[in-house]
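Below, in structure tokens: the form predicted on its own, a single chain.
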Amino acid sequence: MSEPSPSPVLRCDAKARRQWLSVLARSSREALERHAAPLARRHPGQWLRPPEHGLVMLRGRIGNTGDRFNLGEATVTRCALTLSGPDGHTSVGVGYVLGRDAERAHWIACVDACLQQPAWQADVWRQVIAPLQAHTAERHARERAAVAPSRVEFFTLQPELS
């Protein structure tokens, strides 16, 4: 697990976008509502694709490296919107979430579009992504602490040679 990044990304390449979309996707609904919803209310954007529900096929691999198999289907909600910044730069934000939470997909799409705006990127990073990273890291630490007492250490015994 990665630790929260203390500084804003200040760029908009595929790696940076992957990083902030990962943070948004792993955040709880409550944390997104607290940090991303106010931004989405200020910059709602225009729909390219309003939130819609669909199914995706989940695929797995036997033994994590073997042949692929269809594990089952899962419901997802997706949306896309466009947003114009103060300098006229237009960005497209996308939001995908497991389940049927259209509001959560909208918040993610708005934050994604705002982070692609050079004029807003540092502020959005500081106000939304950094707190969400810290919240997720804190939640994972609590979960690790909760399961730590039940941890079993396996080791290999050397066979006795006769």
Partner chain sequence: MYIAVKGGESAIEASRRLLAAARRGDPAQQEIEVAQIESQFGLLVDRVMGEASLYDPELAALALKQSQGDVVEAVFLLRAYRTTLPRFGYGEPLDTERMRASRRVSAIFKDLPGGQLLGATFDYTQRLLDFDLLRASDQAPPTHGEKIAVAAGEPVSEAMPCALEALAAEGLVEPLTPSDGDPQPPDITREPPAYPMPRAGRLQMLARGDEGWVLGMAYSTQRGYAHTHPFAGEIRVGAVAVEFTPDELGFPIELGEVVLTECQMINQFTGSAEQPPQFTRGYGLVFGRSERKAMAMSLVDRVMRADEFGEELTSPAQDQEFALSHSDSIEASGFVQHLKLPHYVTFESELQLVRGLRARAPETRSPACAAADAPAPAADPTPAIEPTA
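All figures in this text were calculated on a predicted structure; none of them were measured in a lab. Residue numbers count along the first chain shown, from 1.
FYI, the form predicted together with its partner chain isn't displayed, but the following is about it.
Contact residue in the predicted complex, chosen from Gly60, Pro118, Pro131, Pro38 - any heavy atom within 4.5 Å of its partner chain: By the 4.5 Å criterion, the partner-contacting residue is Gly60.
Contact test in the predicted complex: Arg42 vs its partner chain, heavy atoms, 4.5 Å: No.
is_contact(Thr75, its partner chain) in the predicted complex, heavy atom dist at most 4.5 Å: Yes, Thr75 lies within 4.5 Å of its partner chain in the predicted complex.
4.5 angstroms heavy atom contact with its partner chain in the predicted complex for Ala105: Looking in the predicted complex, residue contacts with its partner chain do not include Ala105, since no heavy atom lies within 4.5 Å.
Contact label in the predicted complex: Arg26 to its partner chain, heavy atom within 4.5 Å: Yes, contact at 4.5 Å.
Sequence-ordered list of residues in 43-76 near its partner chain in the predicted complex, where near means a heavy atom within 4.5 Å: The stretch 43-76, when checked against its partner chain in the predicted complex, contributes Arg49, Glu52, His53, Gly54, Leu55, Val56, Met57, Leu58, Arg59, Gly60, Arg61, Ile62, Gly63, Asn64, Thr65, Gly66, Asp67, Arg68, Phe69, Asn70, Leu71, Gly72, Glu73, Ala74, Thr75, Val76 at the 4.5 Å heavy-atom cut-off.
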